[in-house]
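For reference, the chain that follows is the form predicted alone, supplied as structure tokens.
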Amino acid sequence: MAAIEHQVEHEHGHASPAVRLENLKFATWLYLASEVVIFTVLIATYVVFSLNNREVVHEVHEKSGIVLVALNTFILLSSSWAMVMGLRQLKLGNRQGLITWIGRTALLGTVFVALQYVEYRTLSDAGVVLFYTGGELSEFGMRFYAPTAFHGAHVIVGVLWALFIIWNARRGNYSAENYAGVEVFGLYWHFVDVVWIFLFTFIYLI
């Protein structure tokens, strides 16, 4: 996604901030639309399996527990709020405020990934593995890890992007009038949060 920002800024280096923002948003929405299709397929595959294997799903939920996942959900939602606060500070002309809040976004995203790893270790110890080794638990694992790990990869990309935003901010590349790159990052990060809400609902609650 950072590459999208670089490409559009290069092609429209002399365009007004408003034009650059619209170009960046359009490119981002095209990218996110393709991601929606992929996540929809992955979630639908899991839902079909869970409807036909309710006992297996219930067994896995008991082994993994909902508390850790609920905490991780709160952490990710908090990171989205931190991102909003960072953009708000930039629009107020406070570049250091942007750096501080986007840094918190990156930190919370990192914590989310770390706790997801803890969850994966717990499930692995319980026999829920990624590759099919025979049995219903491994069948569940194949359908569980695909959407959640794919989402986790998006969070990692988002954390790296947040660090790129901080690096750009320290170089003075953003201002109250020039915040296109930060706003587009916000679109991506909110998308990651919304996808997790669907994953949390369909995988852990239903």
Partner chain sequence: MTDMSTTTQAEELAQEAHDSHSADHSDKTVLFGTTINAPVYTVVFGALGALTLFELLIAELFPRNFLTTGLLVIASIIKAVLVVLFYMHLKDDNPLYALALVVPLGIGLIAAFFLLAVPVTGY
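Everything numeric here is computed off the predicted structure, so don't read it as measured data. Positions refer to the first chain, counted from 1.
The form predicted in complex with the partner chain is left out here; the points below concern that form.
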Task: Listed residue that, although the partner chain is not shown, lies within 4.5 Å of it in the predicted bound form (heavy atoms), from T110, Q116, S78, T100 - done: S78
Open item on the list: I'd like to know whether R54 contacts the partner chain in the predicted bound form, with contact meaning heavy atoms within 4.5 angstroms.
Closed with: yes
Open item on the list: Although the partner isn't part of this model, could you tell me whether V36 comes within 4.5 Å of the partner chain in the predicted bound form, counting any heavy atom of the residue?
Closed with: yes
Open item on the list: Using a 4.5 angstroms cut-off on non-hydrogen atoms, would A126 count as touching the partner chain in the predicted bound form?
Closed with: no
TODO: Considering only heavy atoms, tell me if A44 and the partner chain come within 4.5 Å of each other in the predicted bound form.
DONE: yes
Task: the partner chain in the predicted bound form: contacted by all of S64, L68 and I203, heavy atom 4.5 Å - done: no
TODO: Counting only non-hydrogen atoms and a 4.5 Å cut-off, give the residues of 58-93 close to the partner chain in the predicted bound form.
DONE: I66, A70, T73, F74, L77, S78, S80, W81, V84, M85, L87, R88, K91, L92
